[in-house]
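There is one chain below, alone, in structure tokens, taken in the form predicted on its own.
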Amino acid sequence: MILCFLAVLMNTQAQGIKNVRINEVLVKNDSNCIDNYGIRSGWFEVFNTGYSTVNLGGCFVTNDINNPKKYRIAKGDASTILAPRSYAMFYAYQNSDRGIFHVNFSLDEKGFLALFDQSGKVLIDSVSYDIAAQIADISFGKMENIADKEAQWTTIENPTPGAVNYTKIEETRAEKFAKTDPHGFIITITCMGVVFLLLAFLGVTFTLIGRRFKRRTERLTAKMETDAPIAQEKSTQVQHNQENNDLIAIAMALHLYFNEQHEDEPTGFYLNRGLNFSNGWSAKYQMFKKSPNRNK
């Protein structure tokens, strides 16, 4: 059981170390960064491209492919533990007595740099370069696809030890457009064109809407003119019927009067209460009793 656990642990460590890459190298350092001893020297950095912690302790770095175990990174030091997406920087001026991150070789000897695993047999990453082509205080490194062993290396005018290499400032759209149109003619014509197009669109839209409402109003007006005689005729007919009803009521009253179907009153006459007519002249009396109840 313990052996299985150790095997899994070793395999996990091996998988983690494979995520480490050589990220940036500065061969000639005249005015760049200095180490904790105040020395300017060539330096290189490695980067943990993975998302798990990696321990560099026991790994090897070398500038000679025939001697992969040239410098062994000491074990048991917390500084060799790389957090996810973090960097470790090494100084190369052949003085390994000054700490773990000071290697025993320089970068202007072979034009080669490599990182090996703890066995010294598995190559993790390497880079070759032309020493004569190196310029003071200009490094070279991986700008993109850092995790890829075959990633393209390029020069970095402003070295970035311990930080991401890609420092190019992207131009904004406004800055790019300012280069294309320095005097603002294009933007002026474009803005005016947009305004005129918008006004034209609004003009056409409101014209169409106005025409539609105008046609609708004309249709309603024509319909009202057509329906007006019919409505007038109906109104006349209703008025005529009302007049006829009045005449019928008067004739009925005269008929009852001349046939003595009424009782005399000093101020006029009213219809006989014995009549059982149900019309506008006689309906009211039916609402009253002949002998109403009286409160005692």
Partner chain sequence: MDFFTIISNNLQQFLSFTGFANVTLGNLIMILFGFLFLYLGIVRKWEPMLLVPIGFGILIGNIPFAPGFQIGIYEDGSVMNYLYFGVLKGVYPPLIFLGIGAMTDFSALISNPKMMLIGAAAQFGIFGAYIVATLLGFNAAEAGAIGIIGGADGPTAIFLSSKLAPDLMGAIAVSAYSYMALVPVIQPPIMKLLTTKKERLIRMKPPRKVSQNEKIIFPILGLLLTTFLVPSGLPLLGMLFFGNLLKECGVTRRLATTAANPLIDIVTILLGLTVGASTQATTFLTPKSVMIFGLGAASFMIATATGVLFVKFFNLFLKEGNKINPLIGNAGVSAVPDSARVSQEVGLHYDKTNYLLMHAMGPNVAGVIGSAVAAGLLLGFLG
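Numbering follows the first chain given and starts at 1. Here, rigid core means the biggest group of C-alpha atoms that superpose within 1.5 Å across both forms. Bear in mind that the values here come from a model prediction, so they are computed numbers and not experimental data.
We do not show the form predicted in complex with the partner chain, though everything after this point is about it.
Candidate site P229, K234 and L247: all three near the partner chain in the predicted bound form by heavy atom within 4.5 Å: Not a single listed residue reaches the partner chain in the predicted bound form, so no.
The partner chain isn't shown here, but in the predicted bound form which of N158, T154, S119, T205 has a heavy atom within 4.5 Å of it? Comparing distances to the partner chain in the predicted bound form, the residue within 4.5 Å is T205.
Quick check on this chain: which one of V194, I131, L123, M89 has a heavy atom within 4.5 Å of the partner chain in the predicted bound form? Result of the distance check: V194.
The partner chain contact at A174 in the predicted bound form, heavy atom, 4.5 Å: Answer yes; at least one heavy atom of A174 falls within 4.5 Å of the partner chain in the predicted bound form.
Do R40 and the partner chain share at least one heavy atom pair within 4.5 Å in the predicted bound form? Contact with the partner chain, yes.
In the predicted bound form, does K223 come within 4.5 Å of the partner chain, counting heavy atoms only? Contact with the partner chain, no.
Answer for I34 alone: is it within 4.5 Å of the partner chain in the predicted bound form, judged on heavy atom distances? Although the partner chain is absent here, I34 would touch it in the predicted bound form, with heavy atoms inside 4.5 Å.
Have a look at 211-219, 76-84, 123-131, 106-114 and name the one stretch with heavy atoms inside 4.5 Å of the partner chain in the predicted bound form. Stretch 211-219 is the one.
With the partner left out here, which residues of 98-132 have a non-hydrogen atom within 4.5 Å of the partner chain in the predicted bound form? Going through 98-132 in order - heavy atoms within 4.5 Å of the partner chain in the predicted bound form - there is one hit, R98.
Core-aligned, is the CA shift for F206 between the shown form and the other one 2 angstroms or more? The answer is yes, as the C-alpha of F206 shifts between the shown form and the other one by 2 Å or more after core alignment.
After superposing the rigid core, is the C-alpha displacement of L220 2 Å or more between the shown form and the other one? Superposed on the core, L220 moves its C-alpha 2 Å or more between the shown form and the other one.
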